[in-house]
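Next up: just one chain, as structure tokens, the form predicted alone.
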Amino acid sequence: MDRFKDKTVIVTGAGSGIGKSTALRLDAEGAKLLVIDINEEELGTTHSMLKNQSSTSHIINIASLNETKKFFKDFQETNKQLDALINVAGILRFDNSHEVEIENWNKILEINLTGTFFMCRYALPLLLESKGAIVNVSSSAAIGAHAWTAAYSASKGGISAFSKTLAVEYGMRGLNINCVCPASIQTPMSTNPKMPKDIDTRLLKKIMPLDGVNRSPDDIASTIAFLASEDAIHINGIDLRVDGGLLT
């Protein structure tokens, strides 16, 4: 497929996991990419795997307003248009809710939610010109209940609500804004997580899908590529669960 031939797409969190898989999937479909991550080594690896020689990599902390503004200022000086924004960047940790430290709460919300807002805020004027798409990676934690993820769930719930606001506000002007809500995906963020002490292990099964299988990030990347493409032209403002039936 070449659904993204002659299209320019920004992908955050592209150094690993779902972001990396998404970048490789879009590259395979012909996209010119601007891949973003805060981890220089991991992002360099992703960039080296891209076939499109016009794609570029950018070390950015999306939770920084100044860095995000500068990125989009530079973008407009070197690119003709933006066709899609894919927000994958995020962090996760597990804590008993009564033990969450304010520093960790703030960090998770700043990266996951505020960073997503910053990227959308400055991409929207460009996407209105191209009548493009935004795909934000939320989580099953936004629409279901996962223990020990107070800050993470709050941030992902915010992303889902924020995305619906954008879909309503800009849908009649030609934009498509949707969320993907993954669960049980094999990523560095979810591999061997550090759990709180003295947890009720009965709650662990609420984080596993019906078939008991953790899937590859590629299975989320294919969903993101669909929602960012013209194949999804009549889909707007949804939380698309890709969770193996976890919340069924």
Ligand SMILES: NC(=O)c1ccc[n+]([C@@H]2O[C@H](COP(=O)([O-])OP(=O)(O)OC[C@H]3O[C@@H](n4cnc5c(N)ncnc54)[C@H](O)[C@@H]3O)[C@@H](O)[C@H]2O)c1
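Because the structure is predicted, anything quoted here is derived from the model rather than measured. Start at 1 with the first residue shown and count on from there.
Just so it is clear, the following notes concern the form predicted together with the ligand, a form of the same protein that is not shown.
Visitor: Between the options Leu33, Ala221, Cys179, Ala183, which residue brings a heavy atom to within 4.5 Å of the ligand in the predicted bound form?
Guide: Looking at the other structure, the residue within range turns out to be Ala183.
Visitor: Scan Ile91, Ala154, Ala123, Leu175 and let me know which has any heavy atom within 4.5 Å of the ligand in the predicted bound form.
Guide: After the contact test, the surviving option is Ile91.
Visitor: Thinking of Gly17, Asn39 and Ser138 as the candidate spot, does the ligand come within 4.5 Å of a heavy atom on all of them in the predicted bound form?
Guide: All three within 4.5 Å in the predicted bound form.
Visitor: Using a 4.5 angstroms cut-off on non-hydrogen atoms, would Ile111 count as touching the ligand in the predicted bound form?
Guide: Result yes; Ile111 sits at the interface with the ligand in the predicted bound form.
Visitor: How about Ile60: is it within 4.5 Å of the ligand in the predicted bound form, going by heavy atoms?
Guide: Taking the distances in the predicted bound form, the answer for Ile60 is yes, it comes within 4.5 Å of the ligand.
Visitor: Does at least one non-hydrogen atom of Pro188 fall within 4.5 angstroms of the ligand in the predicted bound form?
Guide: Because a heavy atom of Pro188 falls inside 4.5 Å of the ligand in the predicted bound form, the answer is yes.
Visitor: Using a 4.5 Å heavy atom cut-off, which stretch among 60-68, 193-201, 25-33, 47-55 contacts the ligand in the predicted bound form?
Guide: The contacting stretch here is 60-68.
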